[in-house]
Ligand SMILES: N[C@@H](CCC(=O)N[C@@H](CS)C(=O)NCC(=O)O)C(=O)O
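Before any questions on binding or motion, here is one chain by itself as structure tokens, the form predicted alone.
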Amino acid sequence: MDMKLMGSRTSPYVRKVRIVLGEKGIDCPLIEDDVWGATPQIGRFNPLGKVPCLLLGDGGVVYDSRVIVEYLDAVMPSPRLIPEDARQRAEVRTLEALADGVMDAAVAARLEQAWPGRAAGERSQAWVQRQLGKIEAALPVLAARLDKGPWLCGSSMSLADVAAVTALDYLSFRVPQIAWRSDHPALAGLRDRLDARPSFHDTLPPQPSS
């Protein structure tokens, strides 16, 4: 398939798509673009200026990570990450939405704390705590799913697991004060098992140089 993915290696939403591409064995070059940089290119393809954006060979574009992964699962259905059964499909997509919500809250908290366009006196710690509260509320719900088996939904890895591990790694990367490993060992186990897969390990966000 002739396609390219536009985004940043540090974006959890881009990484979620890259993991799905890797699991399906789809060769899709990454065009790196910094939406916070001086000259971002993403606005040429997504008027919202958000990544990821999938550029198709026929000139079409697909954006929003949830839409992209659904498209990829449809055009390359093996291995299937979104079940065909309506009830199971809704369950996986709901868990994906929950994991994406963790990413949303983590990104919002980080921007409030670190965005250079806002002066220190303009930052709201109450807003940051509100976002962290969302994360703290979501993680036990994800962890409880693992009481039933090794996967968040069903008998094999699904998009729910991809999204959850992407969110967990982003917390380690950007919100390390949340002790999700010690608080939720089942999630830590899921994350470590999937880290053995190249699609997960090879797409980890770059670590800052010491």
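Quantities reported herein were computed from a predicted structural model and do not represent experimental measurements. We number the residues from 1 along the sequence you see.
This protein has a second form, the form predicted together with the ligand, left out of what is shown; the following refers to that one.
Evaluate residue 43 for contact with the ligand in the predicted bound form, applying a 4.5 angstroms cut-off between non-hydrogen atoms, and reply yes or no.
Residue-level check for residue 43: no, no contact with the ligand.
Since only the chain is shown here, I'm wondering whether residue 154 would be in contact with the ligand in the predicted bound form (any heavy atom pair within 4.5 Å).
Output for residue 154 is no: heavy atoms all beyond 4.5 Å of the ligand.
Give a yes/no on whether residue 183 approaches the ligand to within 4.5 Å in the predicted bound form, heavy atoms considered.
Taking the distances in the predicted bound form, the answer for residue 183 is no, it never comes within 4.5 Å of the ligand.
In the predicted bound form, does residue 64 come within 4.5 Å of the ligand, counting heavy atoms only?
It does: once the ligand is placed as it appears in the predicted bound form, residue 64 has a heavy atom within 4.5 Å of it.
Please name which of the stretches 173 to 181, 43 to 51, 157 to 165, 138 to 146 has residues with heavy atoms lying within 4.5 Å of the ligand in the predicted bound form.
Checking each option against the 4.5 Å cut-off leaves 43 to 51.
Given that the ligand is left out here, which of 31, 35, 56, 26 has a heavy atom within 4.5 Å of it in the predicted bound form?
Exactly one listed residue reaches within 4.5 Å, namely 35.
What residues of 80 to 98, in sequence order, lie within 4.5 Å of the ligand in the predicted bound form by heavy atom?
Contacting residues: none.
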